[in-house]
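Just the one chain here, the form predicted on its own, laid out as structure tokens.
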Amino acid sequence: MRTLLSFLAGALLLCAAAQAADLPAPSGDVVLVVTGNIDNTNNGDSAEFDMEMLESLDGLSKTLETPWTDETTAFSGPKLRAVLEKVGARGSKLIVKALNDYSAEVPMEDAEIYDTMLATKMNGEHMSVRNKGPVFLIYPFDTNPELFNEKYFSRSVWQIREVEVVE
């Protein structure tokens, strides 16, 4: 019995190590932290991403109108769902927090049913904090005109520093 328990404990440790290996530590400046109900971490209970890590995930490029830009603007970055999959997110909502402490509650299903993007570039350039960066949650306003309203505008957080996954 003791041998079986030792074997099972070792197998669990190997599985945990394999999952953690899927999320390496960032080598550059941390631009996004994911916390809460997640399975894959790289710094205690959180998952930290640098720009290279974010941009290596499945992403999008879209040109669209937003209420925050003067003209049609090109955005690119990872899909929100790709980030959530990478960290093994489990929950029903996200609390998206900005550098200035603004936060918005976003249903997890928004990441599943819409091509929401954590934009890291605007018109081909990385976004500075002054210009809504480094990360900006963009909804597909171009293909879903019904999203072009205050409900989704308020969820479109810019200068994102953290995404908390909650039940």
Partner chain sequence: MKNQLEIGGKAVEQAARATKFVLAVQIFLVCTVLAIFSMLVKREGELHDAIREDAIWAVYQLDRETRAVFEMVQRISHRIADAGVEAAEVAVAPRDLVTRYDILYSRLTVLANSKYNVFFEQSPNFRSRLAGIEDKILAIEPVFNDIAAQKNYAGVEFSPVAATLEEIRIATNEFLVRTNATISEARADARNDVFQGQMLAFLFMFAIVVAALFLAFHMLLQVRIVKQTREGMTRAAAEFEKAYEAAEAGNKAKSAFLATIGHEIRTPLNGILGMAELLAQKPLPAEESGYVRTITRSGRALLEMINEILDYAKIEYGSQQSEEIIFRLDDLVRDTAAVVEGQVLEQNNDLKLHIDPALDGAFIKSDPTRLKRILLNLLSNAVKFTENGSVWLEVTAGNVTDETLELNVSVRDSGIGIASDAQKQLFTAFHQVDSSISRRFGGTGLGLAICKQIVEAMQGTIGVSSTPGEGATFSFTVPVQRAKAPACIPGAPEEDAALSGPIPRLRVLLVEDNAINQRVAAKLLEKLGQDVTIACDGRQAIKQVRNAAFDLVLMDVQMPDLDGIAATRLIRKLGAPFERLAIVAMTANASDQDRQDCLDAGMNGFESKPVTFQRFAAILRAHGPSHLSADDVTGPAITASGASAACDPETSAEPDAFLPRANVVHLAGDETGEARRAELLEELGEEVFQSLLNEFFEHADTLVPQITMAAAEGDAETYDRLLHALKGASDNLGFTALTRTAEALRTSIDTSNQETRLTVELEKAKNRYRKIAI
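Every value quoted in this text rests on a predicted model; they were computed, and no experiment measured them. Residue numbers count along the first chain shown, from 1.
Only in words, not in the display: the form predicted together with its partner chain, which the text now covers.
- prompt: Counting only non-hydrogen atoms and a 4.5 angstroms cut-off, does Glu150 reach its partner chain in the predicted complex?
  reply: Yes.
- prompt: Any of the heavy atoms of Gly124 lying within 4.5 Å of its partner chain in the predicted complex?
  reply: No - in the predicted complex, heavy atoms of Gly124 and its partner chain never come within 4.5 Å of each other.
- request: State yes or no: in the predicted complex, is some non-hydrogen atom of Ile113 no more than 4.5 angstroms from a non-hydrogen atom of its partner chain?
  value: No.
- prompt: Would Pro107 count as a contact of its partner chain in the predicted complex, using a 4.5 angstroms cut-off between non-hydrogen atoms?
  reply: The answer is no: Pro107 has no heavy atom within 4.5 Å of its partner chain.
task: Name the single residue among Val33, Leu57, Leu99, Leu64 that comes within 4.5 Å of its partner chain in the predicted complex, judging by heavy atoms.
output: After the contact test, the surviving option is Leu99.
Interface segment, criterion being heavy atoms within 4.5 Å of its partner chain in the predicted complex, picked from 127-135, 49-57, 114-122, 35-43: That would be stretch 127-135.
Heavy atom contacts to its partner chain in the predicted complex at 4.5 Å, residues of 58-73 in sequence order: Contacts from 58-73: Pro67, Trp68, Thr69, Asp70.
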